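One chain follows as C-alpha cells, the form predicted on its own.
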Amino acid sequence: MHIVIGGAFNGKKTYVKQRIKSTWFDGELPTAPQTGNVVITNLEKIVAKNLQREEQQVALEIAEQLMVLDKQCAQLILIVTDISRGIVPVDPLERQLRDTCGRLYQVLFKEAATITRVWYGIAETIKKGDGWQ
C-alpha cells in the first residue's frame, strides 16, 4: 500500500497520475475484486457515510477492507487529505469526521509500505517501502 498525503489542492492527484496507470475510485471502495493498480481518493467521503457509528470501529472496518484490497490488486494507492492541521471544527459532525479520519490514517500509515507527502507540488517520501517512487 502506498499512501499519498497532503493538503487540499496540493498536487497529490497530479503526482500519482504522472507515475502510474491505474483504475481510480473517488470516495468509494471497489465492489468487485481488482487485480491491476488501484487508486482510491477521498477516504473522507467513505468515513462521512459512517459518522453515526463509533469512531474506532469505523476506522478499523475501513482499514480492514483496504488491507484486503491491498492483497488483491497489483498496487493500492490511497490519496488522503491532511485535515489535521487546521482549526478544530466547531460543528460536532465535522469534528467527528476529522477525528475518525485521524484514527483511520493512524492504522493505514502503520500498515503502508510507502508514504509520500505532497506539499504544493513537492513530493517527499516519509516512509519508504517496495512501492514505486
Partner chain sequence: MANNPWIFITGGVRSGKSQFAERCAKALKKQYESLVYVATGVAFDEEMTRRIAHHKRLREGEGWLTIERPTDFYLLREHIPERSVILWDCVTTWLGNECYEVSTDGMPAWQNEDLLQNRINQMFIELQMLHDAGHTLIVVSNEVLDAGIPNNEETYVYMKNLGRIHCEMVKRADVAIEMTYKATTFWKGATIFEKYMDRDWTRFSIFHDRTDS
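Numbering follows the first chain given and starts at 1. All of these numbers come straight from a predicted model, not from anything done at the bench.
From this point on, the text means the form predicted in complex with the partner chain, which you will not see here.
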Note to self: Against the partner chain in the model of the complex, would residue 33 count as a contact residue? Criterion: heavy atoms within 4.5 Å.
What the structure shows: no
Next item on the list: Examine residue 22 and determine whether its closest non-hydrogen atom to the partner chain in the model of the complex is within 4.5 angstroms.
Entry: no
Notebook entry, point to check: Heavy atoms within 4.5 Å of the partner chain in the model of the complex: does residue 29 have any?
Noted result: no
Check: Any chance residue 106 has a heavy atom within 4.5 Å of the partner chain in the model of the complex?
Finding: no
Notebook entry, point to check: If you check 48, 83, 63, 73 against the partner chain in the model of the complex, which one has a heavy atom within 4.5 Å?
Noted result: 83
Next item on the list: Between 1-30 and the partner chain in the model of the complex, list the residues on our side with a heavy atom within 4.5 Å.
Entry: 7, 8, 9, 10, 11
